[in-house]
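Have a look below at one chain only, the form predicted on its own, in structure tokens format.
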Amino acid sequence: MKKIKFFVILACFSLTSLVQSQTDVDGIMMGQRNICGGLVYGYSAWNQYWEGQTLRTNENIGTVSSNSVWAMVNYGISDRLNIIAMVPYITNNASAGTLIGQSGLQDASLIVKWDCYGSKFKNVFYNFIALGGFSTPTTNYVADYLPLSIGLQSSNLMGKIMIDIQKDHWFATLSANATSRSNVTIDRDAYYTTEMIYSNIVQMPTVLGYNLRWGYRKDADLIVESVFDYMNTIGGYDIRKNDMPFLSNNMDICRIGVNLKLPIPLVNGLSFTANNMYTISGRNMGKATSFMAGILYQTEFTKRTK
């Protein structure tokens, strides 16, 4: 029987494209003994995908959509050292065909963010920031079920370097990251990549990423920015014609978008955040458009007094 043609959907490695304040993608640090938490809803959908470098559609699956709800918290150990934790609940569905949608908790992430050096030249402030992170699955979801699986079941180590430059309220932030992924165990004894492999262990290629954002920023309360985001797997292989996708495919994607954060005047520390991202190129990925909206709340722990 002819196999259905699919695409590999990358089900949100981190909160990178969702939240834009005091997270692992911006140059803002949480103050000492301050804490910021929030809930964010995200939606992403595509009906075209790249099979290798060929953009195509597939009436057997129609439109593939992903809904996610993220819980996140960021705590300032000091003004220059923050710790960030987050976990998403994801639901994936296809509008056509017989594939059953998948949902559940995905991967929990823990990230340490260190403002290692900052200085000023004339009226320009710049900071160098280093980050290290770890993520691992929280549930035993099925990974070998793309494009509807909610994740890839690998544990990941991430390292990132970042430079943030600001003059008055105008800024630019450039970052580069690398993610090393553990092997994944699947529920079959053999699989085919470019050759037949008689094993249930899948070696996952390393992922490199680059992110550029620039715009207007007033402290951490008001942010309007443009975003360029690129991800590239080092290794892997293309989806073969008329074949299903696989965990270790070569997944590359380039996206552009806008981010917005606005304070909510009714409550001190409460803010609204929103995001829109559009895929402009890819390899073994869907040409997705994604939206996000969420509420964040920041407060300060005070010292106990007699």
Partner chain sequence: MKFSRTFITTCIVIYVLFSCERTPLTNNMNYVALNPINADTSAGNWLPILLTNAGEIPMTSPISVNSPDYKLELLEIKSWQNNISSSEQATIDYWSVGVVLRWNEIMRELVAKYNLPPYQNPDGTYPIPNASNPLAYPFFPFANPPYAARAYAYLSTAQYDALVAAYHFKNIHKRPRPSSTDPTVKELIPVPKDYSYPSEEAVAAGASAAILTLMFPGEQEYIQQKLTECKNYRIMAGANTRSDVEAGANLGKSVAAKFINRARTDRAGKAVGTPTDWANFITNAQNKGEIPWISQESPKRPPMLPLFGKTMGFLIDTTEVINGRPSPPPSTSSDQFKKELEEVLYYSQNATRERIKIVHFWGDGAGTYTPPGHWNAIACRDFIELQMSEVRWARNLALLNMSLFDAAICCWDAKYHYFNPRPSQMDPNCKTLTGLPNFPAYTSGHSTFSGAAATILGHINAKRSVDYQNMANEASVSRLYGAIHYRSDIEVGMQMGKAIGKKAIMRAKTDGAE
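Since this is a predicted model, take the numbers as computed values, not measurements. Numbering follows the first chain given and starts at 1.
The form predicted in complex with its partner chain exists for this protein as well; it is not shown, and the discussion that follows is about that form.
- Among residues of the shown chain, residue 229 is not one whose heavy atoms approach its partner chain to within 4.5 Å in the predicted complex.
- Under a 4.5 angstroms non-hydrogen atom cutoff, its partner chain in the predicted complex lacks residue 91 among its neighbouring residues.
- Although the partner is absent here, residue 108 is not a contact residue: none of its heavy atoms lies within 4.5 angstroms of its partner chain in the predicted complex.
- In the predicted complex, its partner chain sits within 4.5 Å of a heavy atom belonging to residue 159.
- Within 4.5 Å of its partner chain in the predicted complex, a heavy atom is found for not a single one of 29, 41 and 86.
- With the partner omitted here, the stretch from 264 to 272, 32 to 40, 54 to 62, 250 to 258 that lies within 4.5 Å of its partner chain by heavy atoms in the predicted complex is 54 to 62.
- Distance criterion of 4.5 Å from any heavy atom to its partner chain in the predicted complex singles out 99 from the list 99, 124, 71, 81.
- Checking 210, 134, 170, 191 for any heavy atom within 4.5 Å of its partner chain in the predicted complex turns up a single hit: 191.
- Contacts between 169 to 202 and its partner chain, taken as any heavy atom within 4.5 Å in the predicted complex, involve 178, 179, 180, 181, 183, 187, 188, 189, 190, 191, 192, 195, 196, 197, 198, 199, 201, 202.
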